[in-house]
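Just the one chain here, the form predicted alone, laid out as structure tokens.
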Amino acid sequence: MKKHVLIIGAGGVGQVAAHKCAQHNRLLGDIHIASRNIKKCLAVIDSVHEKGALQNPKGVLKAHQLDAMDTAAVRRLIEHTGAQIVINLGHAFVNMSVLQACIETGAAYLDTAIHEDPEKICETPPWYANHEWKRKAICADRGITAILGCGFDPGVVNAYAALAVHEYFDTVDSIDIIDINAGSHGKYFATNFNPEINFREFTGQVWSWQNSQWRSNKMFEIQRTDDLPVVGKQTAYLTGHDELHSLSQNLNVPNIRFWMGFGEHYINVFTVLRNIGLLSEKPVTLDNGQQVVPLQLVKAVLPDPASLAPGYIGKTCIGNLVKGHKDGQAREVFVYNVADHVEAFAEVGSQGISYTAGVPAVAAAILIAQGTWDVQKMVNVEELPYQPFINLMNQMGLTTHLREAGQDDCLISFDLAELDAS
């Protein structure tokens, strides 16, 4: 049984994770939060205390300054804190350094997004094979639990895919992951998480898994409109995304696509920024000889995603539209969650996008602490038991529902005693 948690990253998702770990600190033990900017860590800790979130009020909750790109520094902090579970919520460039530190110390590793090389955009699929999966053998050899992509998407949607494949269908023809944020932050233009990572997703090729092979499209080239639970009719665009790269390899499904909702205003601003070169990750030289990376400059002038939370209203709807056959008949189901920005802010001081990413990561940490997901190897979420994960999230604020044949209000939960008996 593992205890003591180190959270790396003090942005909006890190704040959610700190609150949720605090709410379960009798099980999880000491909570440490680390970032390059220790002031952000201290602000998160203040937020936890203001909300009275610590289940055990005398529990340890400490801040640390850390350069997560420095494997040796991460290793020293793990050893200093005694953390046996590391929740990596830093930007996507630090995954491999944090993972390596966990391998060296024996700590369990969790992240919510795929590793990215700062010098490359949209590498050749499957992306996990370029970085994380190269450490699979050493994790298995050393008994290191490493759970990749355990936010919402990737993460919860991976569990939804496994649920559909194993419980609702005999054969699955397609999985369409649909991510809609129908909320409003009131700003002229902003991104809901790290702008640098957000834009990098959309400036390269759009990879999707179609007819059991990779297909490339341009961003905003293909769209669809769906009438979804709670948020109504929404338009989403075919987008490349992390979970496609593991689901395509781990599930026998010929078509797996990811769709993200964008408003016309977002698309217009994004298009202008891209067309004039401000979304480039390559440095440019100014007249005074100083070098600047345009994408980093754009990040610097846009609102901090964590700052959007106080004024955010509306809801998100994220789920999997799955089509296939059961008992010889065609079947279609939509497995989904709806989250509320206002409710998220009231509970943890973050907006709904951060909430949907942070809660699953802590649910996974709890399952590791309990031993249920302490698998002592590297896995993606679809390879793990989804029943306890979905049940736990139902209790922690992210409920899972099923729509079929126009009926929406079917809460998905499992009798784990029956599953254990079988």
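If you superpose the two forms and keep the largest set of C-alpha atoms that fall within 1.5 Å, you have the rigid core. The structure presented is a predicted model; accordingly, all values stated were derived computationally and were not measured. Numbering starts at 1 and runs along the sequence shown.
If you look for the form predicted together with another copy of the chain, you will not find it shown, but the lines that follow are about it.
task = Answer with one of 213, 171, 184, 268: the residue that has a non-hydrogen atom within 4.5 Å of another copy of the chain in the predicted complex.
result = Result of the distance check: 268.
message = Looking at 72, 276, 330, 140 here, can you tell me which has any non-hydrogen atom within 4.5 angstroms of another copy of the chain in the predicted complex?
response = Residue within 4.5 Å of the partner: 276.
task = May I ask you to state whether residue 125 is within 4.5 Å of another copy of the chain in the predicted complex, using heavy atom distances?
result = Residue 125: no, not in contact with another copy of the chain in the predicted complex.
ask   = Should residue 254 be classed as touching another copy of the chain in the predicted complex when contacts are defined as heavy atoms within 4.5 Å?
value = Residue 254: no, not in contact with another copy of the chain in the predicted complex.
message = Can you tell me whether residue 96 touches another copy of the chain? I mean in the predicted complex, with a 4.5 angstroms heavy atom cut-off.
response = Output for residue 96 is no: heavy atoms all beyond 4.5 Å of another copy of the chain.
ask   = Is residue 346 close to another copy of the chain in the predicted complex, meaning a heavy atom pair under 4.5 Å apart or at it?
value = Residue 346: no, not in contact with another copy of the chain in the predicted complex.
query = Based on heavy atom distances of at most 4.5 Å to another copy of the chain in the predicted complex, which listed stretch, 129-137, 185-193, 81-89, 220-228, is the contact stretch?
reply = Within 4.5 Å of the partner lies stretch 185-193.
query = Does any residue in 262-296 get within 4.5 Å of another copy of the chain in the predicted complex, counting heavy atoms only, and if so which ones?
reply = 268, 269, 271, 272, 273, 275, 276, 277, 278, 284, 285, 286, 287, 288, 290, 291, 292, 294, 296, in sequence order.
message = Tell me whether residue 137 is among the residues that move between this form and the one not shown (Cα shift of 2 angstroms or more, core superposed).
response = Result for residue 137: no, shift under 2 Å.
task = Spell out whether the Cα of residue 161 moves at least 2 Å between this form and the one not shown when the two forms are superposed on their rigid core.
result = No, its C-alpha moves less than 2 Å.
inquiry  = Is residue 304 displaced by at least 2 Å at its C-alpha between this form and the one not shown when the rigid core is overlaid?
reply    = Yes; residue 304 is a residue whose C-alpha shifts (by 2 Å or more) between this form and the one not shown when the cores are overlaid.
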